[in-house]
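Below, in structure tokens: the form predicted on its own, a single chain.
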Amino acid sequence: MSDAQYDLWYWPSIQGRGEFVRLFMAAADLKWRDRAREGDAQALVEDMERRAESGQFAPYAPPYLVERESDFAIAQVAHIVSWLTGEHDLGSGDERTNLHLIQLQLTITDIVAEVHDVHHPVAGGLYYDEQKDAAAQAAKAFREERMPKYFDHFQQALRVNEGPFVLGDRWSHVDTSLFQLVEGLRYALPQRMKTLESDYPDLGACRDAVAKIDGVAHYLDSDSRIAFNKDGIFRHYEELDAA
């Protein structure tokens, strides 16, 4: 996007954590360039090395967002979307409520980390096939114990106000992230989600409402939205799924 205000840096072949940032920016109609997709993964590595050697604060890992005019870079999904919320006046208008939104966003960060650990419970540096037995055990615990516990928490938050969003009729970064969480789990664990979702109608209603936001709908219908695959955080292995 030639008129982009931001550069987003993330691995070019997966949705991953970068997708949480993309969905928020799409909903907010913010323009960005997906730099590693325009170039390649090596361009990402080189930009990170340049920032690490600059003597300034540097991101530990992608995703990170760069304000193009100032070259200011900020990393970590929850940090990025909450910063953008303040920069573009997209919050609730109440400081304490905004802090609760960040609290919920950090909880989404927690479950996303657990999703990753379902298929890589031993070590991120090992292939899935090298830890399949441990993954089967981790998946069972995640499906039966962790998913309902997290979903209970998000449903409670969605009932603080009269939906479909956490703030009521105004979407926030939490809602766009809940959309991605639901979509990712539908891909990774379709049997479990089919069984579980009927118990959490507010979560489904939030997902559906986010999909109808103009910018999100346009993004989802574009070539910019990479399909889920077995290299990302949300991975479908049939043996890890059950109702």
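Since the model is a prediction, treat every value here as computed from it, not as a measurement. One-based numbering along the sequence shown.
The same protein has a further form, the form predicted in complex with a small molecule, not shown here; the description that follows concerns it.
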property: Residue contact check: residue 219 to the small molecule in the predicted bound form, 4.5 Å heavy atom; result: no
property: Residue contact check: residue 17 to the small molecule in the predicted bound form, 4.5 Å heavy atom; result: yes
property: Non-hydrogen atom contact residue 109 with the small molecule in the predicted bound form at 4.5 angstroms; result: yes
property: Any non-hydrogen atom of residue 233 within 4.5 angstroms of the small molecule in the predicted bound form; result: yes
property: Partner-facing stretch of 74-82, 120-128, 167-175, 147-155, counted where any non-hydrogen atom is within 4.5 angstroms of the small molecule in the predicted bound form; result: 74-82
property: Contacting member of 45, 211, 52, 61, with respect to the small molecule in the predicted bound form [4.5 Å, heavy atom]; result: 61
